[in-house]
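Take a look at this one chain, the form predicted on its own, written out in structure tokens.
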Amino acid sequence: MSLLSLADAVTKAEAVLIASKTAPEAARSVATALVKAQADGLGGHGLMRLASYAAQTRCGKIDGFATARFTQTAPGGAIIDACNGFAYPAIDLAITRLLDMTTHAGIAAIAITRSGHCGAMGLAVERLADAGLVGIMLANTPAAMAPWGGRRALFGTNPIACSFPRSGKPPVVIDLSLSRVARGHVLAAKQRNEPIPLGWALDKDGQPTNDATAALAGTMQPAGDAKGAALALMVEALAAGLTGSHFAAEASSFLDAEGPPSGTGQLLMALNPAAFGPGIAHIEPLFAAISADGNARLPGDRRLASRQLARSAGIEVNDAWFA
């Protein structure tokens, strides 16, 4: 293990990607996203992903030289074709365009298609909140969850994220997968050769398991049982159906270099609070009430503490991630 500054970690990750058939601009976008996730304590979307990304660009499952293509279809609507490249440059482009589109339309949405693993989505919507917008993001992922009562994985873990700007304070960022835990936690347990808690996942026969390898071959349990499965269906329909992307059961794994491009989708939305009555000011008392309620905390408090520590002290990394 080594201790690196955030800047040095980005540089090292970028070099790994460039050496693995990735354009410098795309490598910088991906490396920055991975290091930011690592700094926020979101290791499942952090630098542990680097080796699998590099393997996928080397074999062409991810096109490291793809250039995302933007097409505006309405004053408040657009499509970005990620062209089977990394999701991160397409998300960067979407955020830039949303900042402009919401100036004119008040609310705007961009569909991203032929995309892939998009990491910690809270980091994306936080950038919209930093610009004074409410940000919303939905994404579908390769098959990992069955409909409630079913055994075939037809949904991904299908994360959702939302951010709210605040005056003089960091944005409130909500970022969660619709499985009981993110699949990245199971992958991390497998890499550490550790068991997972019962209740996280089922094996391929539909039985509860604490074996991470068996869990990755089976299905994740939805958060909130039937309600979580219904929300996963909603995200699948919006992030894949509406964007014309691969549904979960059609998408190849984000975790390995096998098969064709994943081809999943994301939907990003931005709302200008000024277009909606009192806007964000009316929400602030709610945030304050949560913070004042005993041990209650706003989503993201621990993430921000981890980020602050990483900025001052650096992050601990596994040297094998950069091999």
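In case it trips you up, residue 1 is the first one in the sequence shown, and so on. Think of the rigid core as the biggest set of C-alphas that the two forms share within 1.5 Å after superposition. Computed from a predicted structure; not experimentally measured.
We do not show the form predicted in complex with another copy of the chain, though everything after this point is about it.
The partner is absent here; in the model of the complex, the one residue of Ala217, Ala237, Ala131, Ala188 having a heavy atom within 4.5 Å of another copy of the chain is Ala237. A heavy atom within 4.5 Å of another copy of the chain in the model of the complex is found for exactly one of Ala39, Ala68, Leu47, Met269: Met269.
Only one of 146-154, 83-91, 188-196, 123-131 places residue heavy atoms within 4.5 angstroms of another copy of the chain in the model of the complex, namely 146-154. The candidate spot formed by His104, Ala111 and Cys162 is fully in contact with another copy of the chain in the model of the complex: every one of the three has a heavy atom within 4.5 Å. Of the heavy atoms in Phe247, some are within 4.5 Å of another copy of the chain in the model of the complex.
Among residues of the shown chain, Pro299 is one whose heavy atoms approach another copy of the chain to within 4.5 Å in the model of the complex. When another copy of the chain is considered in the model of the complex, Lys169 lies well away from it, no heavy atom lying within 4.5 Å. Under a 4.5 angstroms non-hydrogen atom cutoff, another copy of the chain in the model of the complex has Thr243 among its neighbouring residues. The partner is not shown here, and in the model of the complex the stretch 191-211 never reaches within 4.5 angstroms of another copy of the chain through any heavy atom.
Put the two forms on the same core and the Cα of Arg127 is off by less than 2 Å between this form and the one not shown. Relative to the superposed core, Pro75 undergoes a C-alpha shift smaller than 2 Å between this form and the one not shown.
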